[in-house]
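The form predicted on its own is given below as one chain in structure tokens.
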């Protein structure tokens, strides 16, 4: 038989080993758990640290995208501007012969309501194409308010259909001195250029209305006589040198003849003086045909202080001698008032007195 004490000693050793193994297992488990907690804590800290950084990176990416979009937007705007082509010549909006009547009066409010696309000062330019010319409409004026209403009523729609970049300037002579049409035209040229880089100037009497919108109020390679077929003269040109009523000149043409004379006081003579100036500088008069160039005149009595100029024939005879010293280079006047209406810019001026 075996000794019982020996068996007990053997069992005791086995138990000790088992206890030791359990202790080791528990220790390893506890260490692993603690290690896992440390890793989770570190991960959370890293997430907290990285989170603002990621936000900054996201914001930076958005900002960069916006910065990249800005040149793209500018490019799109530039491309849209480049997409506008020059307006066709002639304009496709023209309708041809017009019915012009003066029997029913018109009001400025009516004209304003029918021309909503005008800017202050009687300015307009097409929005769907680039106008071929920038044109200043110059009207010499005094005490012709009813005539002006008809001019504005008919001309604004015509000029818009002609797709011009234009402005209307009414040059009003103050005081009671004799009327000086040509000097007012010089003033209109000068004042209009202070506002815009016009390249063409249409000089129009306030009582003349075109009867066909194909008679385009613009400039040509030669000075243009636009009112070639007036009802006043039986729709015929009164004489070949006639340059009155409505005419147009480019800036270069105007300066080439030193503008218009300043010393024609009263009615008549200045048109023939201008014709002589053009001829002396080697220019000729261009005209539309008699059908397209038809105009109607508003009938009226001759204004006071616009009696026939008794000196006109003598002055016309000496145009070549006087034109270099009498013109835009000798222009003198004083602006009294400038009024900006939706339909026109009215400039009231003191033109001085006859010498």
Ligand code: BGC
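All values derive from a computational prediction rather than experimental measurement. Numbering follows the first chain given and starts at 1.
The same protein has a further form, the form predicted in complex with this ligand, not shown here; the description that follows concerns it.
Asker: Using the partner position in the model of the complex, report whether residue 212 sits within 4.5 Å of this ligand, counting heavy atoms only.
Answerer: Output for residue 212 is no: heavy atoms all beyond 4.5 Å of this ligand.
Asker: Is there a heavy atom of residue 312 lying 4.5 Å or less from a heavy atom of this ligand in the model of the complex?
Answerer: Taking the distances in the model of the complex, the answer for residue 312 is yes, it comes within 4.5 Å of this ligand.
Asker: Would residue 269 count as touching this ligand in the model of the complex under a 4.5 Å heavy atom rule?
Answerer: Result yes; residue 269 sits at the interface with this ligand in the model of the complex.
Asker: Taking heavy atoms and a 4.5 Å cut-off, does residue 242 contact this ligand in the model of the complex?
Answerer: Contact with this ligand, yes.
Asker: Give me the residue from 220, 233, 102, 124 that has a heavy atom within 4.5 Å of this ligand in the model of the complex.
Answerer: When this ligand is considered in the model of the complex, the option within 4.5 Å is 233.
Asker: From the candidate stretches 182-190, 269-277, 92-100, 127-135, select the single one in contact with this ligand in the model of the complex, where contact means a heavy atom within 4.5 Å.
Answerer: Contact-bearing stretch, as computed: 269-277.
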